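A single chain comes next, written as structure tokens; it is the form predicted alone.
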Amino acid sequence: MFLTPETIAILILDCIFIVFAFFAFVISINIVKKWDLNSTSSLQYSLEKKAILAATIIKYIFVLKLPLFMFFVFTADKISGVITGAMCAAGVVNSVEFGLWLFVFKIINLFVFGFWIALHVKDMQDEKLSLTKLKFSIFLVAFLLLIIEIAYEISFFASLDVDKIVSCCGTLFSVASASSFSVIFMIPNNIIITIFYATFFLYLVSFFLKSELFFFFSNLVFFIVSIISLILFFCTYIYELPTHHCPFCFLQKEYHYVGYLLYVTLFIGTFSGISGSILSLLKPHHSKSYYKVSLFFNTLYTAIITAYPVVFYIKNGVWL
């Protein structure tokens, strides 16, 4: 087990999450099975009180998971200083066979728990509490995803070996890499840039059409394409190096921690669009404010990321 003050803090929080999430899980099972708002029985009254308790637990788990995700990246980046070959968090994550899957589960759980919170807020605004069964049914799945993530995380820190020589991010994020995502580096820059801005244009069209289903898919596709284009093209202008594609190094001080700004704006923008669209499909009279939130943050992300190659060209007169 690789233990530092940072990893100990993460593992302690994981244990707390498991304990409290299990209580919420048990309550959720009872609510899904026995919830009946038309009933005036003592059982229903008890379930309503327990529902408030479970919702509070879930909200605090999400509130802690948001900064904890960034803290995990920070911790992995710090650990890279003691693992041979690792230059940033990428090398540390890749040093364990399932490290990438741990990262994927963390991102999925952020979206799932975030959507649960949005669904809960909408349910609390409904006098009939018509979404109660649905939101606690979703938490049953979210709980299993959380357990998988925590199991991966504990195994990840247990499997870290400071004596193991790992690949640096320059090797991992290149066409020569043996990893499963090395195929994307075969995409020419002009193709990925065309796809990125075409995707953003379709996103803008979906915004003006106000079609929930179209808006949902445009946000989902924009999130995926944004991550790929960031790695393939925009990263090189942040680093001002044509061969540096790491999506972790710009989280460091040398690049003014701009990565945190980029990832946060992209997450808020796409999450608002995805969750808001689903809520609107469930509740047709749901507030459309999520459209504006999504538009603001997705446009902000696009503007920031576009500024890097433009400024580079203005300063140097050439493209990388």
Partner chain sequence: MIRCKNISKIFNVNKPNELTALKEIDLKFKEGELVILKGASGSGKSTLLSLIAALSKPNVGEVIIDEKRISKMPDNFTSLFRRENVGFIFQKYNLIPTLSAYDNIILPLIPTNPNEKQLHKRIDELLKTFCIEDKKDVLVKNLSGGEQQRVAISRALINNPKIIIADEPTANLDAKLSLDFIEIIKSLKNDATTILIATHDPLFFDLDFVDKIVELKNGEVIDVSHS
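Owing to the predicted nature of the structure, the values given are computational and were not obtained by experimental measurement. Residue numbers count along the first chain shown, from 1.
Omitted here: the form predicted together with its partner chain. The next part is about that form.
Proximity to its partner chain in the predicted bound form, taken as heavy atoms within 4.5 Å, picks out 124-132 from the listed stretches 234-242, 124-132, 146-154, 109-117.
Although the partner is absent here, Y45 is a contact residue: one of its heavy atoms lies within 4.5 angstroms of its partner chain in the predicted bound form. Using a 4.5 Å cutoff between non-hydrogen atoms, L282 does not count as a contact of its partner chain in the predicted bound form.
Its partner chain is not shown here, but in the predicted bound form it comes within 4.5 Å of a heavy atom of I52. Interface residue remark: L37 is counted as part of the site for its partner chain in the predicted bound form, having a heavy atom within 4.5 Å.
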